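This document opens with one chain alone, in structure tokens, the form predicted alone.
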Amino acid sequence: METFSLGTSALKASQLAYGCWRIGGPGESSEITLEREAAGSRASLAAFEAGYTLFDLADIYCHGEAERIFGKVLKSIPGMRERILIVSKCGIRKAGDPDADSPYRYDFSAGHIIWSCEQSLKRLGLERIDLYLLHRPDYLCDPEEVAQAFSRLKQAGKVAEFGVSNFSPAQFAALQKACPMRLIANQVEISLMKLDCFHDGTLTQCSTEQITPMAWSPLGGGRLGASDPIDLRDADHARRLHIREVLDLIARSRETSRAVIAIAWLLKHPVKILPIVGSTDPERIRELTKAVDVHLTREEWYRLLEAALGHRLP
């Protein structure tokens, strides 16, 4: 895979990123068995060997276990750390933290940001995170307080660059105004199943401000590549069927899979969307790298957009 710069920074990443959400097990599981850990290690290694150079983590993934597992992978592969970029996120606090009656919430207080970063570094066994993101917008966010926390982490050498996740353009702009450093990424949900960023100004802001949009769930939670029947009781079933039909048509003409075409659709956009692949199947991880060599025509791209919208363009 080719590499490109993240935002305005000197960091260079592969065209696809590997998402480590499930390397400790499915969903938010905190029960880590030896089998699950071994499978997560194999998936991470498969991504590294396939050319993925950006690995995306978060403090809440498997209650911190994903970071710990990935840290063990780093230690086991000589030279791996020097060849990759590590992303982690903070700001989501689950129910029961720290007290039994504490609600699920978001926390961008300076103390929590700094503490969370330090805990992630310990689990990863590292001295520095390459890109640190705020996970979901905190309703009580004080941009000046966040800026102070970021500055302290950067000055201490614990973080190289900063960004956000799931921020609207207005939220991004407000935080950027307070921060002395450039925010280089916004990680948002983008796929043929989720088109919000094409309409809400997110991609326009990324283009004009040289921000890298990182696409989580680029296969719509796996639905775009799945072969199981679509539930006809689903209110959205007709649109989903049409998307699948058009993906199949293009995939057959190019002798590849539906999932590869869905990723290639994101890569076609000139803003340089960075899809985050989340599969733990080594074969699928390797297969999706084929997307970087698929260059869809404008006609194919718009045919898929029309299917995703569920109607023709005005």
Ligand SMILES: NC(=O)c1ccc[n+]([C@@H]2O[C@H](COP(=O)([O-])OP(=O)(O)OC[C@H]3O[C@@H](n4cnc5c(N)ncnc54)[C@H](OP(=O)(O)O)[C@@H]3O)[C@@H](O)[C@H]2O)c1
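A quick note: this is a predicted structure, and the numbers were derived from the prediction, not measured. The first residue of the sequence shown is number 1, and the count goes up from there.
Keep in mind that the form predicted in complex with the ligand is not shown, yet the notes after this line are about it.
- Of the residues given (289, 279, 41, 256), 279 alone sits with a heavy atom within 4.5 Å of the ligand in the predicted complex.
- Contact with the ligand in the predicted complex, judged by any heavy atom within 4.5 Å, is made by just one of 137, 169, 71, 225: 225.
- The shortest heavy atom separation between residue 20 and the ligand in the predicted complex is within 4.5 Å.
- In the predicted complex, the ligand sits within 4.5 Å of a heavy atom of residue 217.
- Residue contact with the ligand in the predicted complex: residue 284 places a heavy atom within 4.5 Å of it.
- When contacts are judged by a 4.5 Å heavy atom cut-off, residue 61 counts as touching the ligand in the predicted complex.
- Proximity to the ligand in the predicted complex holds for none of 7, 88 and 158, with the criterion being a heavy atom within 4.5 Å.
- Judged by heavy atoms within 4.5 Å of the ligand in the predicted complex, the contact stretch among the candidates 231-239, 161-169, 203-211, 139-147 is 161-169.
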